[in-house]
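This document opens with one chain alone, in structure tokens, the form predicted on its own.
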Amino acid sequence: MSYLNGPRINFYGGISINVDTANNDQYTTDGKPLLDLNDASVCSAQSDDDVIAYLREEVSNSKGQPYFVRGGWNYYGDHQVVLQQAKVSSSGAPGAMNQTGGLQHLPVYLLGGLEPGTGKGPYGGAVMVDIDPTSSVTSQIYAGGFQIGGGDTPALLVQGHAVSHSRLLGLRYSTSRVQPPYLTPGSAWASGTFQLAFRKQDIVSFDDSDPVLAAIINDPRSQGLVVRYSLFECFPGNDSASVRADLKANQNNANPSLGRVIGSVGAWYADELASDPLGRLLPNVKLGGAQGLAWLDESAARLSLDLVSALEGDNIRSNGQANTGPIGPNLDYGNLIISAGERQIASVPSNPGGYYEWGGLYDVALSTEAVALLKAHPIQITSDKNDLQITESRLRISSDARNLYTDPSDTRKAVTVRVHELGGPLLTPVVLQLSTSSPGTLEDGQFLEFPATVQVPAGATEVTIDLEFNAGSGFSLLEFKAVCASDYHMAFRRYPEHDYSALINAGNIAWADVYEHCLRFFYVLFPAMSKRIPLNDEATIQAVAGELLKRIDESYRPTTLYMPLTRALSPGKVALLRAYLNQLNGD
């Protein structure tokens, strides 16, 4: 059922994404790389202070304009993701949404993780982690729960570990038409959608008297709930001049990306993916990469549309800090005109000023004839204002396999890919073409071995593909293409093989070795971490050895509490650090 075709709760507000930007580049000094992002090491013979000073140096963009510092717009970020003044804006069943009831205006939160084993927490908040730190096409957000309402008895409390991946990435604003108030990353114009799925056993408590919550959670067909949230208008809260002045004064404050969020909560059913929203794919052919989703409910004669990432926004806020008030309007498309098989079958007002209060979702009643046309033909959406052109991708490729980590010991992995035609089984056989490329600015690691083509038979909805790994390491993007389909990709990080067995087996591991191989990279690149635990200080590491041992345990890896948050240490480096920390503990 999901949020798109069943009872739903919609919310909107602001979001703070406090990622550290210093690892977005390997940098080059004297013709040599300063860092090795794959190896998680510092290549330079310079001192730590010199490397940090280099990352704090002021730089200019390609046009010679002052643009933050070499370490990016947020050298002191800690990767926390926080909803800011997000609140419920509507709830109900498709076609019967309302803005009344006990949930209306309640605050909404993403939660941090619980400690494995003890269940203590939650601690901190959700965290954003890029599997390839140089990439702009793939990211992920780990969360430890979700909450509606505050106080001791919130309306909904969910505590469970889940990860969501960037989907439906594309422009929300035309770069030629709309400009942010100052120089920003490209994220200012972009939109991205994430989905978290929580199991029923993750639901700690909920207000059973609320009919919408009860309908979502008590449905016996549901295995839990999904939270779909779309982010846009995200750019640093402070401009280049402010960041530079802050660093000169040695204030060293974070400069998170502040943006807008529109979300929906619904049931999660057994045949639905956890991290990829269901539905037929609706690319906006006039706005680069922008996409929406549609669900045809035949029994209810209704088409539900998720266009929050498909329609163009009309403006970007003029104040970087002001991200929590009412959301700016979309372009005024007048009426959205829905067609199939070259026949206009329905229309619905685009509601440019209030769309966000309804989750960016539209429920359209259909005739029996319209249902039949939509079953057999791609959806087309145009408008009577501002020339909207949305044409359904006849085939949709999707999967929960999106950001994948592999160890040097892994030799093969099976990934399952779904392929739907007009939302259902394939009407004719489809050939998937597979290839790899770089997910970011680093070269493709070329460690994946895979079939060049895979045939999916008529009547199928998915196929499992066997991948093999060679001795390489690094980052790679596995891309899937098919005729009449929008592309799909999976991002991989394959850790290098580090063997420190000689150091470990010799006993009495030296601090200098552990610092150089395991900690120095994070000390110079992630100063926010060292505000809590100075990673270059041997005495501090000795004092917190027990806590660090917990945080590098595999049981923490799916949580928001794992160290390092970036998951950049190879198994070999983790083994060396673990042996050293055990040595400090006398084990």
Partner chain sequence: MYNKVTCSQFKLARRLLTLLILPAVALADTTPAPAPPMPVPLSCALPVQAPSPDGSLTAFSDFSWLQFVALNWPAGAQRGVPDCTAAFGSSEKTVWQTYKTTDQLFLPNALDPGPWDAGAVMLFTLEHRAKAPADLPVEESVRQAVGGWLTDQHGNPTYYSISVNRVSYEYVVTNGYYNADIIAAADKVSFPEGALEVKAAWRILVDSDDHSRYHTMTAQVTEYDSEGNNTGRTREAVVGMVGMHVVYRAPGFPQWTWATFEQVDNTDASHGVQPSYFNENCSGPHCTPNVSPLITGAPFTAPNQVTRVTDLDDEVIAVNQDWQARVEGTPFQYYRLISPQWPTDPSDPGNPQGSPFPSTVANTVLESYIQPISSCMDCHSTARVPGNATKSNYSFIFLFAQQPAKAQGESQ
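Positions refer to the first chain, counted from 1. The shown structure was predicted, so the numbers you read here are calculated from the model rather than taken from an experiment.
Not pictured, yet referred to below: the form predicted in complex with its partner chain.
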* **Region of this chain that lies against its partner chain in the predicted complex, out of 514-522, 27-35, 528-536, 58-66 [heavy atom, 4.5 Å]** => 528-536
* Find the only residue in S41, Q46, S555, T540 having a heavy atom within 4.5 Å of its partner chain in the predicted complex. => T540
* **Listed residue (Q104, N253, Q446, Q433) with a non-hydrogen atom within 4.5 angstroms of its partner chain in the predicted complex** => N253
* Each of P378, E468 and C484 near its partner chain in the predicted complex, meaning some heavy atom within 4.5 Å? -> no
* Answer yes if any heavy atom of T118 is within 4.5 Å of a heavy atom of its partner chain in the predicted complex; otherwise answer no. => yes
* Asked: According to a 4.5 angstroms non-hydrogen atom cut-off, is L171 in contact with its partner chain in the predicted complex?
  -> no
* Asked: Should L388 be classed as touching its partner chain in the predicted complex when contacts are defined as heavy atoms within 4.5 Å?
  -> no
* Spell out, yes or no, whether the shortest heavy atom distance between S240 and its partner chain in the predicted complex is within 4.5 Å. => no
* Structure fact -> Restricting to 97-117, the residues within 4.5 Å of its partner chain in the predicted complex through any heavy atom are Y109, L110, L111, E115
